[in-house]
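The data below hold one chain only, encoded as structure tokens and taken in the form predicted alone.
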């Protein structure tokens, strides 16, 4: 376990070497969040309603700010790209000689990057935009605590999805386009761009049961109090089940990929 903690610390400190990029990243996040908020302000002004489908403009502004925070702290393309580079350079074969787990190394590495982005990008961006636009507090202390739990689940699921897509590169021999495919699925089915409240049926029902919904939609819905206590516990359990399924998939793919490397390497 100490080895993986060392990987986490190393990843965090390596990010600190690029301090000049912090301001550029903050600016980029600000532009993204401001654009999302502006779109919803224009949409509500266009319909001339205080609330749409029971959702107020201030709730949508908060949703947009939180969506940027949840997604901004994790970079799926970085995880997939790391696997692709290791495969291309042949460094991946070294992990077969180490008494360590490659998937756990990737997770530890991403944890370090997550904490770095949380401190240098997400918190400053949310603080600034919340002061400028106004941000609703959690519906209750219970919802605030459960939001943290769902955010942790969101991070875990997003990592497992990224690792799963990245490991497919062992059969394609390239990670090209895999990050784009996952990104497209997340944009549409995570609720990042449009919450499922505004989806037509039966697409809304389908989207609520897909694993991508636990990345953005459910953490935000919990924060805003859109789910009852019973629904929160139910969807937390369902999200954990999805995480378990993806974990099994990642471990199975890595085992199959290891065998493939060994056979091809003689």
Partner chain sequence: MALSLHPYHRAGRLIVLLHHLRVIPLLVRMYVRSQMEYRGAFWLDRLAQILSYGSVFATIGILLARFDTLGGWTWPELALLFSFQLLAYSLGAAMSFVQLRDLEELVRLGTFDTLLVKPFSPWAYLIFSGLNISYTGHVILAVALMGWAVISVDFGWSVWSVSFLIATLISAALLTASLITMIGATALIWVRSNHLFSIFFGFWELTRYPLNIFPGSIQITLLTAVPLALTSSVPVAALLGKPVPILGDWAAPAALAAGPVWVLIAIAYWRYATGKYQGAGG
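Residue numbers count along the first chain shown, from 1. What you see is a predicted model; the values in this text were computed from it and never measured.
Below: the form predicted together with the partner chain, not depicted.
Not displayed here, the partner chain is approached by residue 32 to within 4.5 Å at the level of heavy atoms in the model of the complex.
Interface membership of residue 177, defined by any non-hydrogen atom within 4.5 Å of the partner chain in the model of the complex, is confirmed. Although the partner is absent here, residue 201 sits far enough away that none of its heavy atoms falls within 4.5 Å of the partner chain in the model of the complex.
Contact check for residue 258: every heavy atom lies farther than 4.5 Å from the partner chain in the model of the complex. Only one of 147 to 155, 181 to 189, 109 to 117, 90 to 98 lies within 4.5 Å of the partner chain in the model of the complex by heavy atoms, and it is 181 to 189. This chain lacks the partner; the member of 38, 210, 229, 240 within 4.5 angstroms of the partner chain in the model of the complex by a non-hydrogen atom is 38.
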